[in-house]
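Just the one chain here, laid out as structure tokens, in the form predicted on its own.
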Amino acid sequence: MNKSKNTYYFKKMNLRTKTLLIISLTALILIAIVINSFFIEASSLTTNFPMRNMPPSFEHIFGTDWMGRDMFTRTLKGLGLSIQVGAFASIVSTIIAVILTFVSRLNKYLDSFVNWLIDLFASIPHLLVIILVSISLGGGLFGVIIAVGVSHWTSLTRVLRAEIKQINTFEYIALSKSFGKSNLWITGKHFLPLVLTQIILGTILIFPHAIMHEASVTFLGFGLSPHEPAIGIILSESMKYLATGAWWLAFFPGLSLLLIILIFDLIGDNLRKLLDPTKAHE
């Protein structure tokens, strides 16, 4: 009865309320994962060889690995690390995209240079850029964040450049220039408020790509050190034991990573409905 009543109330909500509710719930899940990962102590990840390669049970819902460590704890810690990398990397990408976008509007030569730079980075596989930049920065968490950040700005820059070029044709931009307003003033007062929605959405949508590429590069053995409980490292180590029937070592971390990526996509889609008036009817 309560379930049907809750379903009825959800259906009666307007689109804006539903969207806010979905964003809030999904954001709470991500925040809870990150906060819980901070409170996982090193003692929780210590080896316990008598319990090694135990299948999922009520005591260990994700099972244990070849060193007797609880896979649920390792997966939660790895997801928290992946979300942190995705957050910082998407912010780095957004900063690069915004700077290059507003530099490109200063004159046609800079615009051509930015366009060439976009084509150059877009033509190089992301994984190759991440590996090269990460190794050149000495690896580690900082190296991976910067490497993922400098390889994911191209799509957002393209979108922002297109928006800026359209806004530049508006009459009030020409009026501001005729009144002697500086480029910095015009950028802050006219351009930035109009592209702020695209910047926010772009940052959110970079998240899942950043997380996937962080997991991919750590799976290949680059970037983070092997003792870090990253999802990519967990999946890489589990490959050695799948032939022995220890399916849970890869299944649960992989499924958890997929769900996190889907959650970010869900947040991005609903934010687009909330912030973009043209999508509000969908």
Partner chain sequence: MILKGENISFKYPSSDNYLIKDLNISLKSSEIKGLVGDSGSGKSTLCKILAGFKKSEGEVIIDGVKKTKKNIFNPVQLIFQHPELTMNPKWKMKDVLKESWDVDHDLIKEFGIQESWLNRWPNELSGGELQRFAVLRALSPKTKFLICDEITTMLDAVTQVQIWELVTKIAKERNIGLLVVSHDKDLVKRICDDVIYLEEINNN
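Numbering follows the first chain given and starts at 1. On a predicted model such as this, the values are computed, not experimentally measured, just so you know.
From this point on, the text means the form predicted in complex with the partner chain, which you will not see here.
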property	result
Proximity to the partner chain in the predicted bound form, single hit among Ser178, Asn107, Ser123, Gln166 (heavy atom within 4.5 Å)	Ser178
Answer range among 74-82, 148-156, 123-131, 190-198 for contact with the partner chain, defined in the predicted bound form as heavy atoms within 4.5 Å	190-198
Distance check, Ala174 to the partner chain in the predicted bound form, heavy atom within 4.5 Å	yes
Partner contact for Trp185 in the predicted bound form: the partner chain, 4.5 angstroms, heavy atom	yes
